[in-house]
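Heads up, the chain below is alone and in the form predicted on its own; it's given as structure tokens.
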């Protein structure tokens, strides 16, 4: 085989691998972030620490490969580190036992043997790896406070009965929480993600807000455009399609 032909075959194989990774990697990340959130709930983590854990995970894999690093170990370390960052400290023993029970629901807690200490050391070492990979920039601005502000603004535009009979706030918060299953949470500004979560919630229930010279979303967040809202909303809806594929 000629050098040119060999190069062509290698390029085509590389493209094939990238195509497969483009399909499979988002599924893996979705499942792992679902693991982070479900494990976080069992550990009693608050919403923001859980969000930080997911962001740490996504930020890490923006520049790291799934072929090199075990995603669930990174996830466990992200949970451990997020607890420190958000001042909700978690014991490694609790993290290990809850994660072990996640994969082995009928098993007992791990004994404090060599296997346990090896896993604990792996979590601590991976935590240091995440810190270095992210250049120790592990404090993030989350969309939650923006969403609260936007909800109060929208509530003031609706009459009390219209607000009370539709779960706008609950739906917007659920959409925001679901956004952490994918990298949409690290690709967009937190205020844009918060507004789009609210926009999608309003669209879901067909709630129309009074119109003035500007759209309501222009009033509460002047810097966002309709195209940006539609882009983020499309990415959020893709996550729900992903959920169906990952069940």
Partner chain sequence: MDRMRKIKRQLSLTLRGGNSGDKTMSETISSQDTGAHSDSEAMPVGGSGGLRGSVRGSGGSFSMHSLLQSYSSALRRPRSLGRSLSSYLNHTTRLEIVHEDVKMGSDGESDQASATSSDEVHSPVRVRLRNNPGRKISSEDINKRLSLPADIRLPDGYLEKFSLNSPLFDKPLSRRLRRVSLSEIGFGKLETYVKLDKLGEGTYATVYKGRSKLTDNLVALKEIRLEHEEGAPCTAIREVSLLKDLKHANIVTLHDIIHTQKSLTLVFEYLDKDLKQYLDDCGNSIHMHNVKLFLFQLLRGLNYCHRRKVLHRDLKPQNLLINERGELKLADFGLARAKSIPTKTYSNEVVTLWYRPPDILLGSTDYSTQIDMWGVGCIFYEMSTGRPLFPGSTVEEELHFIFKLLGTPTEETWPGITSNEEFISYNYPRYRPDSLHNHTPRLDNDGVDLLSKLLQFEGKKRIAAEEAMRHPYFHCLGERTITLPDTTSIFALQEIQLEKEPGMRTNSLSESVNSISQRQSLLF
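Positions refer to the first chain, counted from 1. What you see is a predicted model, and the numbers here were worked out from it, not measured in a lab.
FYI, the form predicted together with the partner chain isn't displayed, but the following is about it.
### Query
Which residue, 55, 45, 220, 184, has a heavy atom that falls within 4.5 Å of the partner chain in the predicted bound form?
None of the other options qualify; the answer is 45.
#### Entry: Distance check, residue 209 to the partner chain in the predicted bound form, heavy atom within 4.5 Å
Heavy-atom contact with the partner chain at 4.5 Å: absent for residue 209.
### Message
Would you classify residue 73 as touching the partner chain in the predicted bound form, given a 4.5 Å non-hydrogen atom cut-off?
### Response
Residue-level check for residue 73: yes, a contact with the partner chain.
### Query
Is there a heavy atom of residue 87 lying 4.5 Å or less from a heavy atom of the partner chain in the predicted bound form?
Judged by the heavy-atom cut-off of 4.5 Å, residue 87 is in contact with the partner chain in the predicted bound form.
### Any non-hydrogen atom of residue 233 within 4.5 angstroms of the partner chain in the predicted bound form
Residue 233: yes, in contact with the partner chain in the predicted bound form.
### Message
Please tell me whether the candidate spot formed by 159, 189 and 225 is one where all three residues come within 4.5 Å of the partner chain in the predicted bound form (heavy atoms).
### Response
No.
### Query
Relative to the partner chain in the predicted bound form, which residues of 51-66 have a heavy atom no more than 4.5 Å away?
Sequence-ordered list: 62, 63.
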